[in-house]
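Shown here is one chain on its own, the form predicted on its own, set out as structure tokens.
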Amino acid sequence: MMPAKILICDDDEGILDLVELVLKEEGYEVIPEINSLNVANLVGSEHPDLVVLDLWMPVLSGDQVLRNLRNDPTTKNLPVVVISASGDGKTIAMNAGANDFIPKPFDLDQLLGRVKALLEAA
């Protein structure tokens, strides 16, 4: 079986590198992306099984990216986990159509658990 493909988008390079490393250690194929403007194209070309998306990013925020994915028939059911340090991040994420929300700073085991659960449910 092919490893699940996960697209991570976060404008914080430290978080991007860390999450990429942890997911790769678990055997996932990872597509890291620092610019939220590239997410839609990457989803279209790479067909990830799941997206990990930061909420607060310059130019195009995570909730806008997520709404665009939800409005597209080909990606409306794509599992998306939103991560954010924002106090009201969960409300914003869920209203935009997130499958799950993890507050920053997050526990990596928690992130892995949520990712695994969503992939198994998909």
Partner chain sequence: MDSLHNGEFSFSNNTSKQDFELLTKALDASLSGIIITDNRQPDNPIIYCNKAFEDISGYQRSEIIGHNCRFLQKDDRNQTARHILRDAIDNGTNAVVDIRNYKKDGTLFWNELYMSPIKDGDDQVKYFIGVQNDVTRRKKAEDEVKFNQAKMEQRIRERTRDLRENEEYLASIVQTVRESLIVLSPDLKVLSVNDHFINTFKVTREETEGKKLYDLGNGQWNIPELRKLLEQILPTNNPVTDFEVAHDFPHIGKKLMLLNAHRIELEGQFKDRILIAIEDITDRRAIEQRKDDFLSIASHELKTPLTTIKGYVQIINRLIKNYDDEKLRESVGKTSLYVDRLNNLIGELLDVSRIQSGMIELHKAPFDFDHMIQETVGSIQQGSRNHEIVLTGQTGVQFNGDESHITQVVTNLLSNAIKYSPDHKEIGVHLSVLSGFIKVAVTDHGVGIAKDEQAKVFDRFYRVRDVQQKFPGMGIGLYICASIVNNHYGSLWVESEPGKGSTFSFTLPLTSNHTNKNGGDDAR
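Numbering follows the first chain given and starts at 1. Everything quoted here is computed from the prediction, not taken from an experiment.
Missing here is the form predicted in complex with its partner chain; even so, the following discussion is about that form.
Interface membership of residue 34, defined by any non-hydrogen atom within 4.5 Å of its partner chain in the model of the complex, is ruled out.
Taking non-hydrogen atoms only, residue 24 never approaches its partner chain to within 4.5 angstroms in the model of the complex. Its partner chain in the model of the complex is approached by residue 86, whose closest heavy atom lies within 4.5 angstroms of it.
Looking at residue 28, you'd find every heavy atom of it more than 4.5 angstroms from its partner chain in the model of the complex. Contacts to its partner chain in the model of the complex (heavy atom within 4.5 Å) from stretch 47-82: 56 only.
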